[in-house]
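As structure tokens, the next two blocks hold two forms of the same chain, structure 1 and structure 2.
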Structure 1
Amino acid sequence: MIKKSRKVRDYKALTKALPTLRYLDPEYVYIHLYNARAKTYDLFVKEGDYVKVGEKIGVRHGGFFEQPIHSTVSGYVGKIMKKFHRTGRKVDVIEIRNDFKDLYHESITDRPDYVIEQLSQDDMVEIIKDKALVGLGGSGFPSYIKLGTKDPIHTVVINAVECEPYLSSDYRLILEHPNRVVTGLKYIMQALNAEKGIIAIKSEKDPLYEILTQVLKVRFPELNIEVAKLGNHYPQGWEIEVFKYALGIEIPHGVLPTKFGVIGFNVSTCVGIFDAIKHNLPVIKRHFTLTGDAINFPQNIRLRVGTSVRDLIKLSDGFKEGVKEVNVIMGGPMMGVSATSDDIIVSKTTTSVIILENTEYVEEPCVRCGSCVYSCPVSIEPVQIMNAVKRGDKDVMRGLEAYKCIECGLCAYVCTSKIHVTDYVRKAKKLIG
């Protein structure tokens, strides 16, 4: 019997019970000079120059915004070279050799609480813009644009669901730094003059519920913030699902949540806002999951942005003995991107790298079981879209609303014939623009 499937096998136990390892002193960092949203750049430094932590060393140019580039260590500028970005493409990076002095740029100074209390929305937007904060859950969308909305907002939702299998860095971030999470939410609510805040977690994450409710009660009793336990299904972390189950609001496709008076931020982005407002810091460090069955010691790591994954693999005792071929996935296994090498650099938006022992699957003909259709969270027909892609019929792709796909990967996950259905739907979205 074919039925709807919203469950995926989880592997978070590999890492979630372990304290986060700190690896903040790599010999070199490699700072991405462009990314998926900003295709050109100007560099303000040259080889041999000395830079400090948080110093502005260049600017990326997007279609409608500019994004400062910051150094994440103090040390000496090296050469421009190409390394893999989380998109799976090689991009320009600037090498910086760490001098291990951790000298911060003169602009990195704490703001007293009484100053922060007087900041307006425009003030906070300008700070976030100057610190180049983006969606750290992987979206990479400039946070200052989101925070600068002119729509009236009554509720801010912090998305801490982390529903992708294997990933647990957000879990550890909340468990180890709950005050930073709540204070970041407080700043967002202040900027938007929002009446209420919600921190959304999975219902199975009792330790997070306990620590957050205790922190709210003891440290922030004046704030109207609650912790909402949502479902354990996949993709519960999809923003539309979060709003639906946390607030009872269904956001139509193509409509901004701000039109309903609500706005959402990933938990890592929330902490990034805290660091920018309180410490005037760009994102120089992040929590990151390195996991998979092909390495000896899966773990969560607090690291410098710009760290090489090859260094992290060595830190994790390398590959398991007998492993001959691996699959390297940047991001979660459901929505991530495969890489052809482990020569990957952790950018601000790289949440994880998963390294799995390669398993060969034989793709078989579609048996028209309907699993992909029943399981699709946006109610489209992935198999029909796939057939339209094979025929090159763009009109049918549009008619089947391929543009609604959120690329959650469920259609490929449930496929009994091992067809990479999601890849076909991704291709359809590109073909029809």
Structure 2
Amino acid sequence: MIKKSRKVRDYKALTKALPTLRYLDPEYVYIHLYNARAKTYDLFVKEGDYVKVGEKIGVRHGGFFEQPIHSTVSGYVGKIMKKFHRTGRKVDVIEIRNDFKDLYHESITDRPDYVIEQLSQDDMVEIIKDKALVGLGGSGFPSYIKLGTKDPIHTVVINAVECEPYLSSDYRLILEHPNRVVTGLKYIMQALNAEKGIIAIKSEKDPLYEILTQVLKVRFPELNIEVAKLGNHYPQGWEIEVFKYALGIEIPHGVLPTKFGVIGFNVSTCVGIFDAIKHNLPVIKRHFTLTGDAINFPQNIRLRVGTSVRDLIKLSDGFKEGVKEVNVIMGGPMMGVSATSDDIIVSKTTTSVIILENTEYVEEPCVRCGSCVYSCPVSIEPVQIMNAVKRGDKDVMRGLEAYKCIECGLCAYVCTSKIHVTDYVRKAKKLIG
């Protein structure tokens, strides 16, 4: 239909009201040895070794950083095997058999508040680097690099918009642990010496607004933190869009937000920073959503990193009866990766697994209605890029700025003819490099 349409049906009612289920003691956990950003690794343990929670068992090597690998249970190290990662590739994982004692490693000790107050930016960066914290919203970008920025920062924005349909883990996280979120933000503001903090939520998430303002008023009256209610449209959770609506700052393509004095962290990352600094804890547990229309009991789950999704599907009473074909999607349904098997491991950056009944959409010829052009958040023209890809005309792809695409998937979502426009734009991005 010919209009700008950025409303995406959100299906969050499936899990939004459900309290988070604890599933903290799987028999085995599997820890990824490499991931989307780090391609090689060294392992410090061998089969049969005993490890404790939070113990460093190896290190991943990325292009420009190193990332320690931590055990998320106490128990015995098993074999190295291959399992699916969030990115859709099979990667090496190490199996650890849980002994259910939950023994924490000696290094995991709480830092008293007076020590934390003395920490400088460099100290915090060092802690976070050591605890291997990455962007937990799905980006996987090492947080210490972000936190170690040398640009002057005046505002820290916590992104709790969660604009993808179906997901509700961030929502439950704030609802259940608002203190951790605010304290995490306090630490970030301290590290960056920022004057102001903003927690960005969707305007429809009213309970969050009340809870956060209450917590801020009662517990943290000294902090300059605001709760910003942003719109309900998609992709409101994209960082640039959050800055635009929360602060009115428009950041052009290819410029780092820190140049404008603002920085954004995902709400899970913010809680991760709280855990790392307060408890000296790496990411061993996370909030997770297992949902979709093809699963019997959609749930929000708090789980150990490294839990197998197969166990979780069993926990949710399996697939619905009579469903012949499903998509297993890691991440949100708009941008997530669809797996070829359910043998997936929850990594630090996996926010959710969504199980949808497979629908084959019938593509009709493009009628040039322009919905994709009207709706595109980066103001490019997906349909014209699609035609250029069909012709193989790279000049046109470049001229139409296909490289700006953030692959939010809105163009395919709104398409009147149900054409997979996003896929063509993705191809264009690859072709022009």
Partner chain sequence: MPKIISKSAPHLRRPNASVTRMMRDVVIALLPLTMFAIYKFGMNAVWILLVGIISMVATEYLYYQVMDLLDGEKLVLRNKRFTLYNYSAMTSGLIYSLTLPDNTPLFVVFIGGALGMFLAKLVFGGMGQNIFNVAGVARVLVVINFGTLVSYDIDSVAGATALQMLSENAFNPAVLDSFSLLNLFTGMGIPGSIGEVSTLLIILGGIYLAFRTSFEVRIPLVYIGTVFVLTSLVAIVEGIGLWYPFYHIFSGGLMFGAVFMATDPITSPITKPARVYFGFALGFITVIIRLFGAYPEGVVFAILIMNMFVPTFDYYKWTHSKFTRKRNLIFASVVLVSMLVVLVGVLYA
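Since this is a predicted model, take the numbers as computed values, not measurements. Counting starts at 1 with the first residue of structure 1 and goes up one by one along its sequence. Just so we're on the same page, rigid core means the largest C-alpha set that superposes within 1.5 Å between forms.
Only structure 2 comes from the form predicted in complex with its partner chain. Relative to the superposed core, K418 undergoes a Cα shift of 2 Å or more between structures 1 and 2. After superposing the rigid core, the Cα of Q384 is displaced by 2 Å or more between structures 1 and 2.
With the core superposed, V362 shows a C-alpha displacement of at least 2 Å between structures 1 and 2.
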